[in-house]
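First, one chain by itself: the form predicted alone, in structure tokens.
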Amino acid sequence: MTASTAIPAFPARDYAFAPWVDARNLIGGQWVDAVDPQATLDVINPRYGRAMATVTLSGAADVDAAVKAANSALPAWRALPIRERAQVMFRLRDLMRRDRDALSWLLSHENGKVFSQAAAEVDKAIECVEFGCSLPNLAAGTQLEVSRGVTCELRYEPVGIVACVTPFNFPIMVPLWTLPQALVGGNAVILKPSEQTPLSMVALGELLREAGLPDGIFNVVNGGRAAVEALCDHPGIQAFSFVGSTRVARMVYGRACATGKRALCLGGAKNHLIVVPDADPQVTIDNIVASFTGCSGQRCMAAANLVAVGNVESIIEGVKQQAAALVAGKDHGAINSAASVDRIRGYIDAAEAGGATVAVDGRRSAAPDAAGTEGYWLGATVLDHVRPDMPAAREEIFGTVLSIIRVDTLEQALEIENANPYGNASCIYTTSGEVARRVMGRVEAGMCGVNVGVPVPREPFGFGGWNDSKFGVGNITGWDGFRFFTRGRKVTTKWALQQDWNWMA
């Protein structure tokens, strides 16, 4: 392995194209080349469709090197009191606030988000770190005298070495869904970022080193399928978390569990927004458009289907008008790849051929400041009169596309929502408490909103859906996340010697 020198700061402070350093593995506190290289890929700036760096995909030997580094560092780290481990999170929070703009511009360049939405991701990531700062207070174990002279105590112990596999769409927030809980819980982490967006973990790795995290406690292994399979299979890894597509989440969950690991794998989504006639028009219109176009629709919490109940024509028209006025590159960013653009356009083309109306057509949209049409662009698109059996209504599109399904009754809307195999998020737009109560008690979704189209739980509440949107027990963030990365040790103690006996004595 060849170790690296210091990583220079990302230079860009606007959308002008800027190259940066190549993504390497972080093993034992050093940026090193892969010892088991599988391939080398370009890291593309989606706004321009040009490579800003490269990443070498690693294999099983690199995963093993990371496990060995973690094993060497783990005993001293887990022996620290939890309050001392949490001090790293306090320092990381301050460093991320210091570098907020730099991190946001890096996100914008490697992911394609507009700056405002990249900055919102960084802010949410900082909030996740702040939750990690609070864990010493939340994780205080309980103790109770259960019999005369006998006490029972609960302690939270680390599971050991944990692996986290994260997606391209939130390159810094999703890793920080899990890292604070895993690290403050006393574990060592091996993180595999998306090979499409590995650069944010270069920046975060540098910040964690600056924050004083011991070498070997946070390791980064870049890669694709071979690296993920090696993380699932390695006997030295005790827990595995994954965020990505349902197809892959199901496979890696089974593979990781087969080796005795605890696993929690989040998959895809097909979220339904239900609108009834008493909904507040402006709140609903603004919220729907923000939900399906924010982050270019490349988020598992984005609106996908708008189920219109009865006469809500004025709201539908408002959504169409507002969506048509959005400018790609200004109001939302680029799509992550050319292949994704082709796939999303395919859903639009198929819906149109099947009888749906393309009320707002973003297929020929391009950002005005991109170099010609080299970038990966798709404008806001609204499909009306979509049937529930169409692929656009059933399958995850992951783009700036909203499908409108019209029904006569709320019961029909609930049947459509609950027939979908996913169970990530659902929302009802209404001013009626009774309608909200009925929908919130019936929808098959783990995260639900009333007049909130992106109902992401804020810490300490956990993130996680139901059905085909999640494999495993519990949520990946918040208190559930801490419990996932720790084991409960129960200690029963007796010091006072009693003359009389019972079953507990």
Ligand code: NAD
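In this text, residue numbers run from 1 along the sequence as written. Values in this document were obtained by computation on a predicted structure and should not be read as measured data.
Keep in mind that the form predicted together with the ligand is not shown, yet the notes after this line are about it.
Undergrad: Can you check whether Thr166 is within 4.5 Å of the ligand in the predicted bound form, heavy atom basis?
TA: Yes.
Undergrad: Do Ser245 and the ligand share at least one heavy atom pair within 4.5 Å in the predicted bound form?
TA: Output for Ser245 is yes: heavy atoms within 4.5 Å of the ligand.
Undergrad: Given that the partner is absent here, does Ala269 sit within 4.5 Å of the ligand in the predicted bound form, heavy atoms only?
TA: So Ala269 counts as contacting the ligand.
Undergrad: How about Ser296 - does it come within 4.5 Å of the ligand in the predicted bound form, if we only consider non-hydrogen atoms?
TA: No - in the predicted bound form, heavy atoms of Ser296 and the ligand never come within 4.5 Å of each other.
Undergrad: Which one of Tyr347, Phe131, Trp105, Phe398 is close to the ligand in the predicted bound form, taking close to mean a heavy atom within 4.5 Å?
TA: Among Tyr347, Phe131, Trp105, Phe398, a heavy atom within 4.5 Å of the ligand in the predicted bound form occurs only for Phe398.
Undergrad: With the ligand left out of view, choose which of Gly375, Gly185, Pro171, Gly223 has a non-hydrogen atom within 4.5 angstroms of it in the predicted bound form.
TA: Only one option qualifies, and that one is Gly223.
Undergrad: Given the ligand in the predicted bound form, answer whether the residues Val228, Cys300 and Asn424 all have a heavy atom inside 4.5 Å of it.
TA: Verified in the predicted bound form; spot residues all in contact, yes.
Undergrad: Okay, which stretch from 73 to 81, 121 to 129, 143 to 151, 187 to 195 lines the ligand in the predicted bound form, with non-hydrogen atoms inside 4.5 Å?
TA: In the other structure, the partner sits against 187 to 195.
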